[in-house]
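What follows is a single chain, given as structure tokens, in the form predicted on its own.
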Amino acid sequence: MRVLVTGGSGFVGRRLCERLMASGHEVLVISRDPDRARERLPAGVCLETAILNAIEWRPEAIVNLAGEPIADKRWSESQKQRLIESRVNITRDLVMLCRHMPTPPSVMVSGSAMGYYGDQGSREVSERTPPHDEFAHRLCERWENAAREVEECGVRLVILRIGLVLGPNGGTLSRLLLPFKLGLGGRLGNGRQFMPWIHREDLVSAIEFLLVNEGLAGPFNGSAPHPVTNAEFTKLLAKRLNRPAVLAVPAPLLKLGLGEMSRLLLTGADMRPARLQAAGFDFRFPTADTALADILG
């Protein structure tokens, strides 16, 4: 199968491309910096700088993972707009590509995020749970709505609402390891907020699963079946690293330093992969402890 990937040089995209190539698929990555992307990607991956240039390549499937990192900068109004545009504009270009192709791709797996649900407190969250209206939800909603236009082309659309991705040499853990190794780790706020997470290997497997199962469409929660609170995750990580984790970061300090973006750290959702499990997807790393054991050794 010929698979077009946006965000292919990112933490998840790189591993996805490796796995697709190893399975015998052809892969085309869209990147504004192809020389840098080529250094990160496996040999044999094709590269283009613009989505519409892919029309002659005739992709049979699309995986849309592109978007500016949500937690890299404080959420000024201009940064919020950049976060929206980096997701919506690329997704609209993919829809335009499908409209111009004589034979559109059969499927598009389009990324979204756990932020779609907003702050859900302690309630269990499935794909049917109504969202809480806040910026993270509105961002994901606009991203998902842009992707839905591809269905007018007869393309099967899967929307994957991704949790915190755990894996080696990147993702969520890369931000946490140094302070924890120095004994400076600790819970954030009261620690009761849920952290939906997923091992990168399981996330890539889920994408592959959704690409080939023709009866699956609509939203899927891309997270492990056993989410943990921030306090629970803190204890597990400290135990794996054999370090103390007693220096809690007060919520007012996070709000002062990060502004509205602090909601990413202080709120969450007990998000469960109800539809993935109902479809028969099997998680290799269902618990945070098994995931951390695999990643950290």
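Just count from 1 along the sequence shown to find any residue number. Being a predicted model, the structure only gives us computed values, none of them experimental.
Quick note: we don't show the form predicted together with a small molecule, though the next part is all about it.
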*Please state whether all three residues A66, A113 and G163 have a non-hydrogen atom within 4.5 angstroms of the small molecule in the model of the complex.*
yes
*Could you spot which one of R82, R123, H100, R74 gets a heavy atom to within 4.5 Å of the small molecule in the model of the complex?*
R82
*Proximity to the small molecule in the model of the complex, single hit among F194, F220, W143, Y117 (heavy atom within 4.5 Å)*: W143
_Partner absent here, but in the model of the complex, which of 84-92, 151-159, 184-192, 100-108 has residues with a heavy atom within 4.5 Å of the small molecule?_
84-92
*Could you confirm whether S31 comes within 4.5 Å of the small molecule in the model of the complex, counting heavy atoms only?*
yes
*Would A288 show up as a contact with the small molecule in the model of the complex if we use heavy atoms at 4.5 Å?*
no
*asked:* At 4.5 Å between heavy atoms, is F11 in contact with the small molecule in the model of the complex?
replied: yes
*Should R36 be counted as a contact of the small molecule in the model of the complex, where contact means heavy atoms within 4.5 Å?*
yes
